[in-house]
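Read on for two forms of one protein chain; each stands alone as structure tokens, with the labels structure 1 and structure 2.
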Structure 1
């Protein structure tokens, strides 16, 4: 029962022989993909599949879901809750929650519109003040959480109440304020780049593809130069190809309708920027560290309190932006803006997109994917004429269904991994 131990090997560690190196070329890509399916390590694929499924179901039910103008509407409406969801991703990365974001969205929209409409302030200035107020609110939450030690849940629950009170107070007796006709806020939702010029859409899509491809190439070059394992060209090509197809098809669809919607551009821009901050800067690394193990982060000399406070400022700032988009979409700021399902939808978006509620795992792209799922369900159901009770039940079922796929694949991953 004994084997002869090897005694010839050199002591300095070479590449671990147990690491399954993928075959080169396309075959290797396919093999790797198969392995990933088996071990459930599929990243965003299940959510994207869920999205496709939702689209297919609603299209077959209504025949209108894949209309260019419906799709355009969806891309416009994801911006408001989507931006709030981006803020939530940051908070969730810390393993915390921010319940106040709906109210913060509401109070910011109220401040911006009251200042610009009733007090006649310059609209840009009004917007800046509103965002500034939101940042201050976030800093206050962060302070009570990080410095006083009140659980974030309680701080932001108190905020949820207090800021919606403030929102009512700011709007005052006269209530709802219409946003300025054709003003900055009004245009957030309604403007199409170049007033619907299709050139903008194509340019935007191609820019995206080129940046993505170039980034991947450069990275791969640097890694090879440093003697590290790098993505093979075939894979870079394939990935860029997939991105290109998505971008170009989207551009084509948008151009069938009104062109490139401003809210989509801003939302995508913010997702890209925040993703960069999280993955490519020390600050982002610190957020992950605090979320993954606060004690380890503290012992590494990270200023945990500052990370926490700043994250709550970011989430409040994003909520303010989101609130402005919602005001733009409904044409007014009112006492209800930001209440109801807004917060839940945004949190759900982040979670559906794959951000963990327990900290340390997630990305802002999940806000985009998740809110697309949710907004597709909402819009799809709007096209189906059933009564409100049934609609609620279906929404619940579809929401669950969209995540089951993802969970099943993750479960495989879990059972084949540690823990």
Structure 2
């Protein structure tokens, strides 16, 4: 008596869900967007909507908020705290915090100004020494945190006090040093290759569009060659078109005033570079891995201590650059530089822009989006003559709202199986 052998069918190969979305066309993207919203994966949507709402409210109240000169000033003022926020993004990706960055910004500006003005040192060399001092400070913080085991909160809180004291000591009894007239630091707050030359603004916008489109095409080609899902040409064209509209409208508005601000160029350049480091290098993947789970990262062979120390060095270096831009805009380095709400605004910018306080999720573009929100609120409140006490309370409420949104988003993602 013969029996027929039981036949089993081979399991169907897994299909990348992004392929299904792209095959469905526009309806697929709409459905995917709804799914992400329901699961708490909000991305940059709240920030973009917030910027639109802020612009509409203050324009209706003042009639001047969307004027070219005001928007140009906003793009200049975001550079200092925005660069500090870029450093904070790196630290937050580890699930940690650095409370010393305002003081690091202040002491770095003080060192550069005192060496160049009072000691007569070459200004470029003075700047390099100041940035080097900031990197050493970051390494010290990282050492105590990663090697000794002192919580980052405690280490950087001690640093906040210590480096504020060093800042006052370096500046001396007068407490302030004016930057060199028409020097390197003073010229950080100028316009790219000349005041009022609109050609450079258009060239910068077009270059950005071309580089973005080329990057999208290269990424799609690379993924296709590796047998992975790749964006279709229609999606690449749509993304590039959106960036083109934003870039060209921004260029037009800036050219209605005095052209392309140098602080904006440098800030955008650093955001692009740091974004590449985080998303396209093994070092960046190690940062995300450590932020996602220390023990798992250690078992994967990652040098957790080095990653932590290096991240605190990067954050301190970004703070030094931010301090130099703040000194340039106010024309001096003084004992109050980096104090007040500078640190809080920078932390708020990183969180509002979409970087999680709990580690493992965020982009350096978060710093750009978040600081635009913060600076737009500050500028708008100044235009309607709201006193600083109310400004602090409103900024605090916005920060709390961003943290609550982050917490709710994480909880929703976990409940939907995506956390």
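Numbering follows the first chain given and starts at 1. Because the structure is predicted, anything quoted here is derived from the model rather than measured. The term rigid core refers to the most C-alpha atoms you can superpose between the two forms while keeping them within 1.5 Å.
Taken from the structure described as the form predicted together with another copy of the chain is structure 1, whereas structure 2 is drawn from elsewhere. When two forms of a protein are overlaid on their rigid core, residues whose CA moves 2 Å or more are considered shifted, and residue 383 is not one of them between structure 1 and structure 2. With the core held fixed, residue 393 shows a CA shift of 2 Å or greater between structure 1 and structure 2.
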